[in-house]
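One chain comes next, on its own, written out as structure tokens in the form predicted alone.
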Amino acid sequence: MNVRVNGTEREVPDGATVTELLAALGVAAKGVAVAVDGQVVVRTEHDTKVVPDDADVEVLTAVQGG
């Protein structure tokens, strides 16, 4: 299936969860916020939330600095 991650088209396996999507992108799950179609997915739901086909996904990584 196809989804848009941070505006870029990506192909991911059908039925992929948020956790599986992050792994496919090579993104560590710690320190990451994810929204699917404008709805924040809390970390406790990453293993069970299936990303629908044609979804808009935003992945934000926490960054420290000053």
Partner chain sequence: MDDPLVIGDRQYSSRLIMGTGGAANLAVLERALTASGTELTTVSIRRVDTQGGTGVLEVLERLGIDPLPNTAGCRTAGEAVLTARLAREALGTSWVKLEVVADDRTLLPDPVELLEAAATLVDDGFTVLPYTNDDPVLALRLEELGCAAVMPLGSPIGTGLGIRNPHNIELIVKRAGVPVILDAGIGTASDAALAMELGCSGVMLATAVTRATDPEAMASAMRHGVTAGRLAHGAGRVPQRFWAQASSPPR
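What you are looking at is a predicted structure, and each value in this text was computed from that prediction instead of being measured. Positions refer to the first chain, counted from 1.
Note that the form predicted together with its partner chain isn't included here; everything after this is about it.
Its partner chain in the predicted bound form comes within 4.5 Å of a heavy atom belonging to Glu58. In the predicted bound form, its partner chain lies within 4.5 Å of some heavy atom of Asn6.
Put simply, Val42 is close to its partner chain in the predicted bound form: some heavy atom of it is within 4.5 Å. Taking the partner from elsewhere, Leu25 is found to have a heavy atom lying within 4.5 Å of its partner chain in the predicted bound form. Shown without its partner, the chain has Asn6, Gly7, Arg10, Leu25, Val27, Lys30, Gly31, Val32, Ala33, Val34, Ala35, Gly38 in segment 1 to 39 as residues with a non-hydrogen atom within 4.5 angstroms of its partner chain in the predicted bound form.
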